[in-house]
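Encoded as structure tokens, the following chain is the form predicted on its own, with no partner shown.
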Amino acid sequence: MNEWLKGILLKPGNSDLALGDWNVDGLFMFITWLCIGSFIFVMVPMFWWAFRYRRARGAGHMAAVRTPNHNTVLEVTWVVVPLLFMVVVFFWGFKGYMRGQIAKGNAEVINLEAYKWAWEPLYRNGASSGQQVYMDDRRTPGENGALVGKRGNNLFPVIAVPEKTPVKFIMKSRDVMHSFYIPDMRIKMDIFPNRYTSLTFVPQDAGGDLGNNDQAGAVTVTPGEIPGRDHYVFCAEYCGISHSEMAAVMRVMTPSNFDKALETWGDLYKGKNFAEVGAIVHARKCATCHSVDGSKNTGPTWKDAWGKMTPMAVGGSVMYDENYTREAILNPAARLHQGYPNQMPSFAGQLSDNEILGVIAYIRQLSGKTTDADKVPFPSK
């Protein structure tokens, strides 16, 4: 009965917090059965007594029978027994909370920065996420058996973690409060500006081939799709207009695939030209707000924008060129695009000068105005 009810209420967990001793799932089911038992214990007698001692027909205006207004044994019992259950819940929950706060030895430390409206991991070798996926993806076999097709509006980063290895996230916010929430990992932690918060867990299962993944699909946009078992990441703290689109995919990989991912993502721009680097920067940092197919989004589309006069919120217009693009990246509030609010964060210190040149080259490419300079190899690390 317990497993049947658990299967209805919870998706299968994939971390030690869900599957180990003093786990979240066990406490959840304990509280669920406690609520069911309390409901039956209170409501069944109440309805029975309401029926049993109802006013009989023809009783007229008989005076109500005086009832006792005090019973010491009953009152003490009604306080002490629930308190005992609450003590169990407290210590069980506290034990589980501490397991999610104190990392085991040799934990893989991943720094995670949240900002409107994206997640950016930073790994031990300086790599960030090198893959982006569509959250609602359903791939079908296409030509040569390749899996193709996507559903969803925005690309989201892949956050890689190694299987059966303690992982510790050290998290901060660039702007406002966010909350890192992965339901089937049973983890949630608020993230604040100007301070660090952390959480730790041990991913359990990297799954089989990615194409048979039953958690979340993935479409490769940047080099080298590396398989694993995917889990949805959400922001559980309202953080602005695109809060519902602030998502990511956590991919549990085998240790060898995790090392391969870090090696690949450590020099993501190797062998790329400036326009190709701009496409990678867009997928990692800009795709949440700026489309490349002309569709309206939180920010203006980049398609066919280059070289045109762009209307400003205060009136007039400016040429969409190198200077305007650079200013919009580093100081987006300086000149706002007409029809769009002041909500883009500054990327000063987040993008190098060469990466900004890559974005410029990519926007030119989207407008069919690629230059020879845009095809120059990007400087390798």
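Just so you know, these numbers come straight off a predicted model, no measurement behind them. Note that residue numbering follows the sequence shown and begins at 1.
There is also a form predicted together with a small molecule; it is not shown, and the following applies to it.
Here the marked residues Gly96, Gln101 and Arg186 all miss the small molecule in the predicted bound form; none has a heavy atom within 4.5 angstroms.
At least one heavy atom of Thr310 is located within 4.5 Å of the small molecule in the predicted bound form.
Taking non-hydrogen atoms only, Val359 approaches the small molecule to within 4.5 angstroms in the predicted bound form. Though the partner is left out of this view, Gly299 does reach within 4.5 Å of the small molecule in the predicted bound form, counting heavy atoms only. Taking non-hydrogen atoms only, Phe201 never approaches the small molecule to within 4.5 angstroms in the predicted bound form. Proximity to the small molecule in the predicted bound form, taken as a non-hydrogen atom within 4.5 angstroms, holds for one residue of Ile170, Ala107, Cys239, Cys289, which is Cys289. This chain lacks the partner; the member of Trp117, Phe180, Trp265, Phe258 within 4.5 angstroms of the small molecule in the predicted bound form by a non-hydrogen atom is Trp117. Just one listed stretch, out of 278-286, 70-78, 245-253, 192-200, contacts the small molecule in the predicted bound form at the 4.5 Å heavy atom level, and that stretch is 278-286.
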